[in-house]
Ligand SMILES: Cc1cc2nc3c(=O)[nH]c(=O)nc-3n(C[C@H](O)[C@H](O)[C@H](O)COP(=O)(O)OP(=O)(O)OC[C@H]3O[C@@H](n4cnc5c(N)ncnc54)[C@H](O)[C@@H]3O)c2cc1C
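First, one chain by itself: the form predicted alone, in structure tokens.
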């Protein structure tokens, strides 16, 4: 049983995984490795002068793995509620979690298959997004959405930030109180 299962390992999903794993939550990330970020060249991501999309994705995954997130290369096909929790069904097996974060970018097939409410997108070339509240919650308890699928801009820095925001909200719900993750810089003597 995982605390959090994240579907999608692009900027939103990997960012969510970093925060969840760093907070000590048992985290699995399920990804089919088809993120549109893998085709990007990025020169507008704060703190990074320039980076290829594949390098950004791999860096994000390594950061999340550093804190204990597990990555599974698989295609998620369904999420269903059971008395034990939410079960993510993939072509490589099933994963049970207390919360699921969908961060599938412009891919809406899974969201639609599990019955999430959708609406027209507002970004160019984004036809459909999922209805979420300001925290990233959907109308199905335990299922959250982050990034472009939730209607935020496709820019990597924005989707990464939204993934972090949703993760903080999930962690806060799991903890029963507001969670904050701040490390303190300790200069060398």
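Numbering follows the first chain given and starts at 1. Please read all numbers here as calculations on a predicted model, not as lab measurements.
This protein has a second form, the form predicted together with the ligand, left out of what is shown; the following refers to that one.
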Assert contact_stretch over 63-71, 116-124, 28-36, 132-140 against the ligand in the predicted bound form, heavy atom within 4.5 Å, equals 28-36
Does the ligand come within 4.5 Å of any heavy atom of residue 170 in the predicted bound form?
no
Would you classify residue 103 as touching the ligand in the predicted bound form, given a 4.5 Å non-hydrogen atom cut-off?
yes
Would residue 59 show up as a contact with the ligand in the predicted bound form if we use heavy atoms at 4.5 Å?
no
With a cut-off of 4.5 Å between heavy atoms, is residue 44 one of the residues that contacts the ligand in the predicted bound form?
yes
Can you name the residues of 1-25 that have a non-hydrogen atom within 4.5 angstroms of the ligand in the predicted bound form?
7, 8, 9, 10, 11, 12, 13
